[in-house]
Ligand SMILES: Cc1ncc(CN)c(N)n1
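The data below hold one chain only, encoded as structure tokens and taken in the form predicted alone.
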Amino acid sequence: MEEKITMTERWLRKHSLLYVGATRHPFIRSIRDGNIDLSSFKTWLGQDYIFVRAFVPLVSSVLTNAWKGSDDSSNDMEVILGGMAALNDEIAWFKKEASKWDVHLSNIVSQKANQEYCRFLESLMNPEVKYTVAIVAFWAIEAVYQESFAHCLEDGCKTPAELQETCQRWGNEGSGLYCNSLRKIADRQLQKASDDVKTKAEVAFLRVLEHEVDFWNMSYGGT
């Protein structure tokens, strides 16, 4: 009997090279191997703070779409609301870390890769963007971070002690369960979506991976 796989699993297999590029980027591997240039980490910290602030309105938009686009029996709103609540703590964490690393957030200028990623987030809030497309992108954004930083917590890694908290924030088991819940929502929506919406959702998935790679490149010292 042919194995029945979900749409997200099909995409992960189909686009495995790009997904691995996003979740095993040299920036992440340098953390895992213990040889990261801390100036790169500081760049990431400042730029990601800007990104997270732009991410909050998207999550709010996805939450509104979940209210409109999911049935009463689903727990979409509860899952997304849980993620939104965590963002307040996340922003506070960035401020605390920035102070620890002497990164002055008020002086940070958004770099090109960050600007383009934030514009992509804004495009997902467009009224004509279907809930299915937005939730797929939302899942992908969260999943890349979770899997990337979880990689830095695996047995045998040499992640510096001062970066363990960062990796735990996104790579912990609870974060993994949350991402799995988002993925289930995405797959459930995709199952009943039209071919046109599925195509747009796959494009959004790929755009997230491309933006993630560009973001890591920027942090790692690229352009």
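The first residue of the sequence shown is number 1, and the count goes up from there. These numbers were taken from a predicted model, which means no experiment stands behind them.
In what follows, reference is made to the form predicted together with the ligand, a form of this protein that is not presented.
Has each of 19, 202 and 205 got a heavy atom lying within 4.5 angstroms of the ligand in the predicted bound form? So, no: the whole triplet misses the ligand.
In the predicted bound form, which of the listed residues (152, 141, 80, 134) lies with a heavy atom within 4.5 Å of the ligand? Partner contact (heavy atom, 4.5 Å) among the options: 141.
Using the partner position in the predicted bound form, report whether residue 145 sits within 4.5 Å of the ligand, counting heavy atoms only. Answer yes; at least one heavy atom of residue 145 falls within 4.5 Å of the ligand in the predicted bound form.
Might residue 52 be said to contact the ligand in the predicted bound form, defining contact as any heavy atom within 4.5 Å? Close contact exists here: in the predicted bound form, residue 52 approaches the ligand to within 4.5 Å, heavy atoms only.
Would you classify residue 41 as touching the ligand in the predicted bound form, given a 4.5 Å non-hydrogen atom cut-off? The answer is no: residue 41 has no heavy atom within 4.5 Å of the ligand.
For residue 90, is any heavy atom within 4.5 Å of the ligand in the predicted bound form, or not? Residue 90 belongs to the contact set for the ligand.
If contact means a heavy atom within 4.5 Å, which one of 159 to 167, 185 to 193, 43 to 51, 26 to 34 is the stretch that engages the ligand in the predicted bound form? That would be 43 to 51.
Interface residues of 184 to 220 toward the ligand, as seen in the predicted bound form [heavy atoms, 4.5 Å]: Counting only heavy atoms within 4.5 Å of the ligand in the predicted bound form, the contacting residues of 184 to 220 are 212, 215.
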